[in-house]
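Okay, here we've got a single chain as structure tokens, the form predicted on its own, with questions on binding and movement later.
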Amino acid sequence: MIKKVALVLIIAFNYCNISAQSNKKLALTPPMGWNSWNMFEGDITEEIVKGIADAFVSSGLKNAGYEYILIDDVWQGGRDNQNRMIPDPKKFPSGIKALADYVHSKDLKFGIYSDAAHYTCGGYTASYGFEKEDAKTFAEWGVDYLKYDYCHAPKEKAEAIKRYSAMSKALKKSGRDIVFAICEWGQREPWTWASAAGGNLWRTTWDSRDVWETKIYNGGHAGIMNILDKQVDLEKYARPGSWNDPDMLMVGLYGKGKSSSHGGGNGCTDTEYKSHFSLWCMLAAPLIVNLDVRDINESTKNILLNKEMIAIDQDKLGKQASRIIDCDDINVFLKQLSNNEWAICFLNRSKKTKSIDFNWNTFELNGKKIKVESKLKINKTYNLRDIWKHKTIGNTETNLKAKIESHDVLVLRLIK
């Protein structure tokens, strides 16, 4: 018993000490970028990554704030005779450093993947026991972001904290600023410890699937609505440099993604993708897309390039929205913004069009009194800016009356 207590105290001291050393300038707003996994899985190559980087520039994603190009699992080729991690020579014949240099030449940032065990989720070389070596290698390659998974690792929370703290400490000693993304799927409540263990963001759920909602929530079935519900009450843990991560954006996949289509993910409508994007922005979530950006259509661009919506996600105050109303298939999310402004999102989860009549003074929805604990005080008039119509539609002096289509959202910015 004494040994167990001592181990917990040592772990707590170590990750609190790491937290005190953390670089406060990293991820002050939620990271934005692209990840290879859902679209390509193990088929990723350096030519694909270069093409994605080029498309970031030509599509306008870069100008909109998307900056990270992230390679996920199955890039590894093992270790060399000095135990340094090496890439698969067929997929990455020029090496990772040359690829990172190419991404950097586009004024973008480069990220990579590993795992806190001997093997990754895909069964490839991982970093447990080689944290110092791998962190140094990643830094030499020019890596700016590390996604660190937890497949094949022990389930105990104390061991997870120990393993993530070890990599965090190694990254901080690598000589390069590297955003650290903890990916243990929310099973050990990382929102309570991941920041102290050195994480800049941490996954809160199982992997997302390209589907609006599933009846069962587990490792193979997690629709957009299932994951949304898991974010409720986590808002107090989000702040600049430390973000809840509800997994990647399915926007624009249309059922084409490999991993995102497992277990019933068969794609969403553009309306559902618009709502997905809006909700993740309200949640101050990382905005990491998965689609093949080289073949992006106009509907998807209109969603992902909505700079007014992105501004809500990237607001410097760093607040995650709270769900203040859950009534008759209508969810209402409220997010505090800088300069005494607010964002509010009305979500229609039903399969039918819904009418809303919202009283700004009492927070009554359709005449029903809802108990709401909110810091929003309507003691002055706010103008209502419709974020998707890009125009002012009224103010808070009168009730908000609107119709919201099935699975659609109404997002407003309250401006003084």
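Note that residue numbering begins at 1 and tracks the sequence as displayed. All of these numbers come straight from a predicted model, not from anything done at the bench.
Absent from the display: the form predicted together with alpha-D-galactopyranose (GLA). The rest refers to it.
Taken together, the three residues W342, D386 and L410 all stay farther than 4.5 Å from alpha-D-galactopyranose (GLA) in the predicted bound form, as judged by their closest heavy atom. Picking from 91-99, 180-188, 233-241, 78-86 the stretch near alpha-D-galactopyranose (GLA) in the predicted bound form, with a 4.5 Å limit on heavy atoms, gives 180-188. For the candidate set W37, F358, Y382, Y66, a heavy atom within 4.5 Å of alpha-D-galactopyranose (GLA) in the predicted bound form is found for exactly one residue, namely W37.
Checked against alpha-D-galactopyranose (GLA) in the predicted bound form, the residues L171, A197, L283, M248 give one hit for a heavy atom within 4.5 Å, which is M248. Taking non-hydrogen atoms only, K319 never approaches alpha-D-galactopyranose (GLA) to within 4.5 angstroms in the predicted bound form. Proximity of G142 to alpha-D-galactopyranose (GLA) in the predicted bound form: non-hydrogen atoms within 4.5 Å are absent; the residue sits far from the partner. Among heavy atoms of Y164, none comes within 4.5 Å of alpha-D-galactopyranose (GLA) in the predicted bound form.
Contact check for G122: a non-hydrogen atom falls within 4.5 Å of alpha-D-galactopyranose (GLA) in the predicted bound form. Heavy atoms closer than or equal to 4.5 Å to alpha-D-galactopyranose (GLA) in the predicted bound form belong, across 190-214, to the residues R203, D207, ordered by sequence position.
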